[in-house]
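To begin, one chain is listed below as structure tokens, in the form predicted on its own.
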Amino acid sequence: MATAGAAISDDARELDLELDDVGKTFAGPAGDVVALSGISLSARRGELISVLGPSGCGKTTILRLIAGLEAPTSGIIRVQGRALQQDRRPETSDLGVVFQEARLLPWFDIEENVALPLRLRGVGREQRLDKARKLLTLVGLEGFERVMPDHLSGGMKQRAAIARALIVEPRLLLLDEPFGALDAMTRDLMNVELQRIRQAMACTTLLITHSIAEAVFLGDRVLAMTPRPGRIAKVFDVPFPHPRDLDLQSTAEFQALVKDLRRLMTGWHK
């Protein structure tokens, strides 16, 4: 890979995300803790990469590094071919982030919550609310624009959080276990809905998850991580075409891939 200051190659222009030998070490009272070591990955335009691993392996740390919430100890992160540390500008961020908790502001109604990123950028009220309403329709919340967050179910709150992340029209969408707190039936529904929303928005996506079935169902590739210090143990290609429906999870091919991933991950605990 090219160095941070080098010209962007044609191949690099096809990539929305690159991590090149990225490591992260945290200072602790008992000494340094190596959270990540030698992480290299890339995501092409429109691809969904699932990052799967045991608790504490550094999955969320990867997302926080890409989002600029933490700085890597070593290595380079590139978004759209340019080094993150050099070129990120908050006012022109090409990222959308959704966390496990929706983190909606309780004093704003739903359309104001979704429009908040544009409000912070100085976009006029009518323009930002019009865009928020269109996105609420996209995520299935038409008719709930003026509802307050505490009147929504968990799944509806996450739909609003996804709409808020999409309102800046991100090239790269980062999802940190966004459906982890939902019941199984709602989670399945949201997985199907996420496919539809991504198809409409055409954004590259990095999904952090601890669910093997979710990683396979949504991902074009699955990156299986080792326990801490987190490394990428193996990359699994997911051969199923999009869009995928829930019946896919009952097929022998799907179950075989899930079994291979489970065998790899449970082997670390023997």
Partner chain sequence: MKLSNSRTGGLRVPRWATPWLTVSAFLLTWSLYVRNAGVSPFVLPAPEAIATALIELVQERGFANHVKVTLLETLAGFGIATIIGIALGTALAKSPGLEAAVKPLIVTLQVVPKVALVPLLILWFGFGPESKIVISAVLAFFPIFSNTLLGMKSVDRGQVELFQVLGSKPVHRFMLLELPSAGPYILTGMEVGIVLAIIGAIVGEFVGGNVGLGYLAVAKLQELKVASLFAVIAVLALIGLSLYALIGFARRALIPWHSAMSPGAPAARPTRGGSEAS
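Because the structure is predicted, anything quoted here is derived from the model rather than measured. Residue numbers count along the first chain shown, from 1.
The next section is about a form of this same protein that is not shown, the form predicted together with the partner chain.
- From the list 73-81, 191-199, 131-139, 112-120, the contact stretch for the partner chain in the predicted bound form under a 4.5 Å heavy atom rule is 112-120.
- Of the residues Ala67, Ile49, Cys203, Ala224, just one reaches the partner chain in the predicted bound form with a heavy atom at 4.5 Å or closer; this is Ala67.
- Under a 4.5 angstroms non-hydrogen atom cutoff, the partner chain in the predicted bound form lacks Arg159 among its neighbouring residues.
- Using a 4.5 angstroms threshold between heavy atoms, Asp150 counts as touching the partner chain in the predicted bound form.
- At the 4.5 Å threshold, heavy atoms of Arg171 stay clear of the partner chain in the predicted bound form, well away from it.
- Shown alone here, Pro106 lies within 4.5 Å of the partner chain in the predicted bound form, counting heavy atoms only.
- Along 162-180, a single residue, Arg164, places a heavy atom within 4.5 Å of the partner chain in the predicted bound form.
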